[in-house]
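Quick heads-up: it's one chain on its own, the form predicted alone, in structure tokens.
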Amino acid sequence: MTATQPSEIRAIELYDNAGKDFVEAQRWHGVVDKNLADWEAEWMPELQRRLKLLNQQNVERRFWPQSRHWDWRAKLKDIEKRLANQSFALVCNGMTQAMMTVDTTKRARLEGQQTQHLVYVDYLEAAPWNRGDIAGDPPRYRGCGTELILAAVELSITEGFKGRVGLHSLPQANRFYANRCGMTDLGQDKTYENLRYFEITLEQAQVFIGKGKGA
């Protein structure tokens, strides 16, 4: 059963594109019922509306959001009894803006940190209105992906993994992880749907933390 309250709430800021300024938000340690209710009642209808626009504009399906089939309720149910899996959500103005799940049992692949423990990002997704790859208005809030990767880095440090984080990226997010997050691209993983695999080292994590907010 999904929890009703997060284990920790941390104050953060997201960039409001409409107001051209940073606004108060929260990072919840633990995706809870409220977040899943927002996903079902707000995210899904908005996603369907935007997919309809893409279809009307004759946009090829390969350019549609590659996470459109994700079922967050199923994902949380799958990990709820696993101590090695944790989740995070971003909330702003009473609405869930992004969610992420991570696994702390995976090992690093990058030379120099091979076989060392890291925090592996299983899934990370922003609400449809915060994404620039879906038809519709410009993103409402910027910084969702950055804040969640920062949460993964901080968890890695807390767990004694020295900031090491790894993930497989959907193609539409490759540039974000390579350029914004400064992660190392280890190329396509033939054992994982040919998705590109990225890792971040302690040094890269420190640079990423120092970049600040708002991307």
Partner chain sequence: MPKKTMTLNLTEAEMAVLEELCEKKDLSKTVLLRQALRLYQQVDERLSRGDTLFFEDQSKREKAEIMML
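Residue numbers count along the first chain shown, from 1. What you see is a predicted model; the values in this text were computed from it and never measured.
What follows is about the form predicted in complex with its partner chain, which we do not show.
- Site residues Ser169, Ala178 and Gln204 are none of them in contact with its partner chain in the predicted bound form, judged by any heavy atom within 4.5 Å.
- Interface residue among Asp33, Glu159, Glu46, Glu40 relative to its partner chain in the predicted bound form, by the heavy atom within 4.5 Å criterion: Glu159.
- Using a 4.5 angstroms limit between non-hydrogen atoms, Ser7 touches its partner chain in the predicted bound form.
- Remark: Gln86 counts among the residues lining its partner chain in the predicted bound form, judged by a heavy atom distance of 4.5 Å or less.
- Looking at Arg73, you'd find every heavy atom of it more than 4.5 angstroms from its partner chain in the predicted bound form.
- Heavy atoms of Thr105 reach within 4.5 Å of its partner chain in the predicted bound form, making it an interface residue.
- With the partner left out here, its partner chain still marks one of 124 to 132, 137 to 145, 108 to 116, 90 to 98 in the predicted bound form; by a 4.5 Å heavy atom cut-off that stretch is 108 to 116.
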